[in-house]
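Coming up is one lone chain in structure tokens, specifically the form predicted alone.
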């Protein structure tokens, strides 16, 4: 029986805020005691993770004194050295403190916008010091409850100005760092700007240094909007913009649940893993999820192990799907190409267009062809159910 044990080459990571989540929700107080960053690093090492990511406030309290900050960083570095864990990604909490109640980069108050830039630059310095190569931006408060409060074009311009500023800061400091933007349609704001990965890709194209900026799609955030996450990740991959990814699970149309990866929709998780593995995605597989509120810390460990184990099981299933002769036979048949259309297709030319306009197509015959997708999908289900 396959062990499905995580290895460093799998690049499985968790945030301090994930396994460190205390079980608190909007309707109930914490069900687990708070753990220190050092304790969380050792917990992640115990379950076999490769890396740990952090918000600035996860690691260092927002009101910490310089001496407290120095001690926390020293202890955190020692924990990393003792366990061998790495820090591939860092991010800034621009949503928790009351100062960000109306956003950070899109706030109507210029003092808030300036403070947000200061907060990010300070943590970029720390992230780079700890080894991070990717810096994620999630605009959790960058939105509105009433559109009477902000002009969306002005807000987009403010976001663009902030990202351009921070790109220049990274270049000025000569850091080896790239940015990844994370979309979400709503929650905690009524509506959040740049609500999907597609929105983010469009926004990135308007920046001064688009080559420095990619996306960090999250399963739950796209499923909240009823979207096909695999399609959005494929678009990011095709654009060369998948700089990071957040793996979890989510029922469609619900609040942000952050469930264990593969917990809700195994078929969607399967096609996502298959997409990443088939395209040799080389970045972190970051689990931005939380254990159930019912769990103690042994349950949290089971949650973390479950995220990684499910990914590895689905990776094996994807390899089996790719090797299945009947599946590949169906795909070969539906993608069959006798070359007769080559003279019309490919790069445009005037002659090709003229010839194509004259081509006669037998529409009824073409439309009558069955594609056997029912069989193809059933075979996929049987692989997932372990009977094939």
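As the structure is a prediction and not an experimental result, all values here were calculated from the model. Positions refer to the first chain, counted from 1.
Keep in mind the form predicted in complex with ligand GLT is missing from the figure; the text below concerns it.
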Per contact check vs ligand GLT in the predicted complex (non-hydrogen atom within 4.5 angstroms), the hit among 108-116, 88-96, 69-77, 264-272 is 88-96
Can you tell me whether residue 256 touches ligand GLT? I mean in the predicted complex, with a 4.5 angstroms heavy atom cut-off.
yes
Report whether the minimum heavy atom distance between residue 138 and ligand GLT in the predicted complex is within 4.5 Å.
yes
Please determine whether residue 288 contacts ligand GLT in the predicted complex, using a 4.5 Å cut-off between heavy atoms.
yes
Does the 4.5 Å heavy atom contact test between residue 222 and ligand GLT in the predicted complex come out positive?
no
Candidate spot 17, 55 and 218, all three in 4.5 Å heavy atom range of ligand GLT in the predicted complex?
yes
